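Take a look at this one chain, the form predicted on its own, written out in structure tokens.
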Amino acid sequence: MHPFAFLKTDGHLSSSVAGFLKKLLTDKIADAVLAAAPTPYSLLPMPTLFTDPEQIEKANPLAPAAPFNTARQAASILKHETGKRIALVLRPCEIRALVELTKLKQCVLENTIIIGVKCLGRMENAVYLEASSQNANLTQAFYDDPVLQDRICSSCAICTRFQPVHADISLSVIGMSANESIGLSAETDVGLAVLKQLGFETCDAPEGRKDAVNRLLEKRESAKTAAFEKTRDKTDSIEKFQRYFADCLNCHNCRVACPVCYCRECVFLTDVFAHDPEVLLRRASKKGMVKLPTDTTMFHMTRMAHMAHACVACGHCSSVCPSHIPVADVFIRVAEEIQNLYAYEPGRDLSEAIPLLVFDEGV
């Protein structure tokens, strides 16, 4: 059982969490904090790097929105050791992606404090903005109102990995009354040291919290089984697969939004798929016509073959699709099958080798 502390909210969830993060700066426990916050121009909470304790009062990392997976932004701050201690407030899927990027030598995690959120999910951007326009205190309302919680995106509704791994401290909202307090769970020695430096007294986690987690897990497992079956029926042949992605514009937004897609140059942006006119005319002559671009199906299949082992199921590939294709529904299902095949869970263990980089002579 991890040491546990209570952060009093008294009906002011966002400001209480922001106050907790502020003390990391004022007490010089961290030199900077990465946390989601609205901008002067939009209510959408964007990843924001804070160094000024007064500015961090604007942070709202528990808001039920995430315009994109923040792992990429976190990795840009952590490309190499800077001598500064950085605290990062991340969702479980963002932490998992950051761990995978660390394995790929895209960043380093030394001298960080990772604060994870036991996550109830995120709303799509348009849904969040609409709800925010109707409720100035949406973050508080979200954790109090199951009806609002049902408005999360489809990928979050089937997420069974909503508890952070590799966090030093977890913000525990599940099974807690966010109107009164939320939990701070020390997951590592680093996390425990931070809580002690901030003056928190630790105790055992409250009874009932584990039951609440298990109930949510059971609900998500059931929803995932149903969703996987529905998607499988729609894509269990090449013809069905092509029909599923028929409205794809080849914009590659799904690739850009993917937090674990790290190649400096994508093969689909090279001469490999820059076909000569003769090739296109030859393809057209076979059937009398050919759709352009020609490689839509190849693009999605290649992405799955390349990245399915590392998919963290954040669902942002669907969120950015201008044609509103539920890309993530297919990708998450395929990814789970591939990950089960390799007995590999992305983000589970920093020391666990990436399957595609391992050669086993005995197999």
Partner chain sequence: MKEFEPKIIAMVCNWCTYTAADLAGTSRLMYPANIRIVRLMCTGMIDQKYILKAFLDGADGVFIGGCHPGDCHYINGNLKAVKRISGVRKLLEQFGFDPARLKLQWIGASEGPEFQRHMTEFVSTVKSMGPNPARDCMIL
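Fair warning: this is a prediction, and the values are worked out from it, not measured in the lab. Residue numbers count along the first chain shown, from 1.
Omitted from view is the form predicted together with the partner chain, to which the following refers.
137, 214, 242, 111 - the one with a heavy atom within 4.5 Å of the partner chain in the model of the complex = That would be 242.
Position in contact with the partner chain when the complex is considered in the model of the complex, options 218, 204, 236, 180, heavy atoms within 4.5 Å | Looking at the other structure, the residue within range turns out to be 236.
Is there a heavy atom of residue 333 no more than 4.5 Å from a heavy atom of the partner chain in the model of the complex?
-> Contact check for residue 333: yes, within 4.5 Å of the partner chain in the model of the complex.
Looking at the partner-bound form in the model of the complex, is residue 283 within 4.5 Å of the partner chain by any heavy atom?
-> Although the partner chain is absent here, residue 283 would touch it in the model of the complex, with heavy atoms inside 4.5 Å.
Residue contact check: residue 147 to the partner chain in the model of the complex, 4.5 Å heavy atom | No, residue 147 sits far enough from the partner chain in the model of the complex that none of its heavy atoms falls within 4.5 Å.
Check whether residue 60 has any heavy atom within 4.5 Å of a heavy atom of the partner chain in the model of the complex, and answer yes or no.
-> Judged by the heavy-atom cut-off of 4.5 Å, residue 60 is well away from the partner chain in the model of the complex.
Report whether all of 306, 337 and 356 sit within 4.5 Å of the partner chain in the model of the complex, measuring from non-hydrogen atoms.
-> Yes, the whole trio is in contact, each within 4.5 Å by some heavy atom.
122 to 130, 285 to 293, 190 to 198, 68 to 76: which one contacts the partner chain in the model of the complex at 4.5 Å, heavy atom to heavy atom?
-> Looking at the other structure, the answer is 285 to 293.
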